[in-house]
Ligand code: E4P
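Here you get one chain, nothing else, as structure tokens; it is the form predicted on its own.
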């Protein structure tokens, strides 16, 4: 199966958001249309949907449709209403990625459609289903609805939410706390436009300043595929410790699976042997796995014996070496002398481990970059990073690559984020967690 590119989505309720509600004189309430002849669009809805589509959002419809379960209409009529909406959208050039409908109701009278179900909002079932089926970026996605059940559904799925207030719906509204309120779908689209501009504009400006290459460090194939799909990383590294933690039992099988999915970015695989002769055999075997493979060789074995002679030999033969586990400038100088000037190589200095000893790694990394200028094909890599700030520190030191963990990679979305907005998000996180835990004082 191929790797998809994740995109943010807007999840939309249907009735009262895209199409108008219908007045029921018996119940004296506005309800969903039960007859295709009653189906009418909200004023400005099509243009708002076009705007959302042009902003780059994937559009997903999630709607509770309990009228059949309540005995108010037929499934045929419901499907006719859906077909009419789809025809309007198609004619207007609006493409929804998916449509999800729940036909159940807890007090329904139709067998098989009454009682509790997992798909009815506020349950987040359809949101999770859409994210999985259509490779959506849930972190930056939103839900727009006109009832508390919509807003709670979005919040249960971890989405930001917008409650529409001029839809004539008065059912179960007022108990939820949406991130924003808007009069109608057009006003919601304007809010989402500003969010996209802030997210992509400031984020891209900040990212544009980054020239350093981001390599993902790990051995979880799912996380590696996701990082590759998002297009942020320029390469991958792994090591025995990460592989063991990820539960990898068959090294070659693991490598083969990764290389089937990732063929156009460099990937470093490490030798396991502790003597130079066996290291050399393993290095040649690893090199045979693919043209995008770099061979990781530690700077010494476990007895402290230098591997520089082996590094020199393999580099002279044109094999791409990633010299790993380096922490001192003498090691960098030895490796710089050993590397062939025409052979690409990576020199991995573990800046994070240097920082763990209470030392500032930046002066050492700057000197390492100076040393490697004599070998322009060799790239200095800031290894064992601890936080997102390390990316900017590594670049300022002259490093050409930095490895980051999946947790740090997730924080790349925060680059350039408005601190006031981040403060508000933090407060909302505390409130959600306190509420979920049931904490009370009074």
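A quick note: this is a predicted structure, and the numbers were derived from the prediction, not measured. Residue numbers count along the first chain shown, from 1.
This next part talks about the form predicted in complex with the named molecule, which is not shown.
J.: Please check if residue 210 has a heavy atom lying within 4.5 Å of any heavy atom of the named molecule in the predicted complex.
T.: The answer is no: residue 210 has no heavy atom within 4.5 Å of the named molecule.
J.: Since only the chain is shown here, I'm wondering whether residue 191 would be in contact with the named molecule in the predicted complex (any heavy atom pair within 4.5 Å).
T.: Residue 191 lies outside the contact set for the named molecule.
J.: Would you check, heavy atoms only and a 4.5 Å threshold, whether residue 160 touches the named molecule in the predicted complex?
T.: No - in the predicted complex, heavy atoms of residue 160 and the named molecule never come within 4.5 Å of each other.
J.: Since only the chain is shown here, I'm wondering whether residue 307 would be in contact with the named molecule in the predicted complex (any heavy atom pair within 4.5 Å).
T.: No, residue 307 stays farther than 4.5 Å from the named molecule in the predicted complex.
J.: To verify the annotation, which of these, 289, 350, 99, 125, has a non-hydrogen atom within 4.5 Å of the named molecule in the predicted complex?
T.: Of the listed residues, the single hit is 350.
J.: Since exactly one of 315, 155, 237, 141 fits, which has a heavy atom within 4.5 Å of the named molecule in the predicted complex?
T.: Looking at 315, 155, 237, 141 one by one, just 237 meets the 4.5 Å heavy-atom criterion.
J.: Of 410 to 418, 22 to 30, 382 to 390, 44 to 52, which is the one stretch near the named molecule in the predicted complex, taking non-hydrogen atoms within 4.5 angstroms as near?
T.: Stretch with heavy atoms near the partner: 382 to 390.
J.: Using heavy atoms and a 4.5 Å cut-off, decide whether 61, 121 and 146 all contact the named molecule in the predicted complex.
T.: The answer is no: none of the three residues contacts the partner (heavy atom, 4.5 Å cut-off).
J.: Could you list which residues of 242 to 276 come within 4.5 Å of the named molecule in the predicted complex, counting heavy atoms only?
T.: Heavy-atom contacts within 4.5 Å come from 242 alone.
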